[in-house]
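Here you get one chain, nothing else, as structure tokens; it is the form predicted on its own.
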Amino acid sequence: MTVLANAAAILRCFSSECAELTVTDVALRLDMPKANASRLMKAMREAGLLETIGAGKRHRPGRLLLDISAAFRHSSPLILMGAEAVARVSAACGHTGYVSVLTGREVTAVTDAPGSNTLRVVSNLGRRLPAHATSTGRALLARQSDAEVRRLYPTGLPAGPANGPRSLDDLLERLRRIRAEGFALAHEEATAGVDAVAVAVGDPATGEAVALCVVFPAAVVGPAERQAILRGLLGGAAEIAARTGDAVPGPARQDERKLA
């Protein structure tokens, strides 16, 4: 691997579940000689990609990455429009919302709107998740053809949650339903006790697509509230589609799109 590829691999080790790393951690995770990891992380500190925490040996992402992530979000009008739409729905229902993007077989939340309810789902901004096992991922995968999805999973699906797709054929059938209905659901897949509903929308001019999503405690949100969340997301996606020229999948009338 090149030095740049190794630096990217180190940055990918960070997540919402792993906010700090030592040289030993990196060496073990990447099967890299400790001396090599130490030299590379020193260079990354000097470049602003990493910084140490206090006087210890723990590292976290450098502040340069905060500037870069902000630039990424603001470079995409689609992400900004999605963030505005999700914020409106989140404010109305009190549950946490996300805008997520698809990269290969992973989906990542790039903006969030934290919920205001006392009982709400904690934000997982930046957490990389398997696309096939999330509502956001499936909403975005549904924008691809079956052939494109098969090429993403040439050896079948990796192991996933019990409520997720059990096979590639199962995934494709769920994607066909998403294309027909215009939204994706997840029941306790990425996080135990948490359900999610997502709608995807894109910008044909740039080729970008995002998923608008709201997550909520499965046990306390009833059918009427779930339907209200879906209407809000569909309405936001329709407004964005009207501005970008995207085609919103599913029935033309929102009242025909019902949560099961």
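Residue positions are given as counts along the sequence shown, with the first one as 1. These figures come from a predicted structure and were not determined experimentally. Between two forms, the rigid core is defined as the largest C-alpha subset superposing within 1.5 Å.
Omitted here: the form predicted together with the DNA. The next part is about that form.
Residue Ala35 is the only one of Ala224, Val220, Ala35, Ile53 with a heavy atom lying within 4.5 Å of the DNA in the model of the complex. Partner proximity in the model of the complex, defined as non-hydrogen atoms within 4.5 angstroms of the DNA, places exactly one of 188-196, 224-232, 36-44, 210-218 at the interface: 36-44.
When the DNA is considered in the model of the complex, Val23 lines it closely, a heavy atom lying within 4.5 Å. Although the partner is absent here, Lys57 lies within 4.5 Å of the DNA in the model of the complex, judged by heavy atoms.
Proximity of Val3 to the DNA in the model of the complex: non-hydrogen atoms within 4.5 Å are present. When the rigid core is held fixed, the Cα atom of Pro33 travels 2 angstroms or more between the shown form and the other one. The Cα position of Val194 differs by less than 2 Å between the shown form and the other one after fitting on the rigid core.
With the core held fixed, the Cα of His59 is displaced between the shown form and the other one by 2 Å or more.
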